[in-house]
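As a starting point, one isolated chain is supplied in structure tokens, in the form predicted on its own.
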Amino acid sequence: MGSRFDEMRVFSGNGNLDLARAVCHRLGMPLGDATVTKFSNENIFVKLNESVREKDVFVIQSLSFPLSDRIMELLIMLDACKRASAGRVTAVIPYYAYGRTDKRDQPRVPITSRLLADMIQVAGAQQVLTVDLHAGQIQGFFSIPVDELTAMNILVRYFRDKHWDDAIVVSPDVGFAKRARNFAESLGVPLAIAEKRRVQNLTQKDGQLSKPEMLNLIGDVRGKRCIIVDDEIATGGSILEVVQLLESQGAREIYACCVHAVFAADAVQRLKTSPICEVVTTDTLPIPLESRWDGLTILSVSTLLAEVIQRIHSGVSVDILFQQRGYTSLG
């Protein structure tokens, strides 16, 4: 099937330029020429330095640090494409921020992930391509087509190639258990689940009474190589709590993997000095050189994104790619 657009253009904000260049390299085309900068008054300025009239335009932007700047860059780039009469505009968002604010879990709070979806559509996106949303229901916040890819299989292949016969996958909480179970099944290993349980005695914290929590492990990890899997690592606090629990239960070695390396606050230092043998992640978010260490492995999603972008442009089913490459839904 041929594309209804004669040409394709790929542009990028400053959210993850290295990934955007890698995607274009896989596509065999140059990254689109655009100026994306910030004035001294903190206003974002965008200019497309080439024509996009009636072209199939893909704007790659990871919503990385500084987050508000990256969101505004994306919105302004989408608006610039729309006003330059692009034939179709697809927002490629490897990491979708505000994924944890997908519902009202307490009074008088917003649903920020829905607000962000509304802004992306108003700015001019006609479809969205993203990777491993924190909550699957975020797809429903859009009224335009959303293709959610999974990079979990890239992580699965990495650990499968190690050919361990004593591995076990560990979900850091009950909420991620379904995806962790699918991860474990893909590896052909058992699953353990770390579960937080409230205890009855009340403690004073920040001027309020609260019930402390303690971790309980469902599954036997004694003498096993444990692979903790999650969609993202932010501060690393939850992961390190699980690490302590696994050590107390006699785990032989501990590994951690995630799709999105947010690495906020002092996460890098905490992970570097932890008992974790190796942290495996992807390049959906940029990881500066100063935040890398010998125990960090970064796998690229550029091939996956490039193939899906090419299929969207050509009007070919994305499901076929999943079947051919062995990618399966882990949601």
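Position 1 is the first residue in the sequence shown; the rest follow in order. On a predicted model such as this, the values are computed, not experimentally measured, just so you know.
There is another form of the same protein, the form predicted together with ribose-5-phosphate (R5P); it is not shown, and what comes next is about it.
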message: Against ribose-5-phosphate (R5P) in the model of the complex, would Asp173 count as a contact residue? Criterion: heavy atoms within 4.5 Å.
response: yes
4.5 Å heavy atom contact, Arg252 to ribose-5-phosphate (R5P) in the model of the complex: no
query: Going by a heavy atom distance of 4.5 Å, is Gly237 a contact of ribose-5-phosphate (R5P) in the model of the complex?
result: yes
query: Do Ile233 and ribose-5-phosphate (R5P) share at least one heavy atom pair within 4.5 Å in the model of the complex?
result: yes
- request: Could you tell me which one of Arg225, Arg88, Arg114, His134 places a heavy atom within 4.5 Å of ribose-5-phosphate (R5P) in the model of the complex?
  value: His134
field: Candidate from Arg100, Arg157, Arg181, Lys82 lying within 4.5 Å of ribose-5-phosphate (R5P) in the model of the complex - any heavy atom
entry: Arg100
field: Per-stretch contact check against ribose-5-phosphate (R5P) in the model of the complex, the hit in 237-245, 121-129, 146-154, 183-191 (non-hydrogen atom, 4.5 angstroms)
entry: 237-245
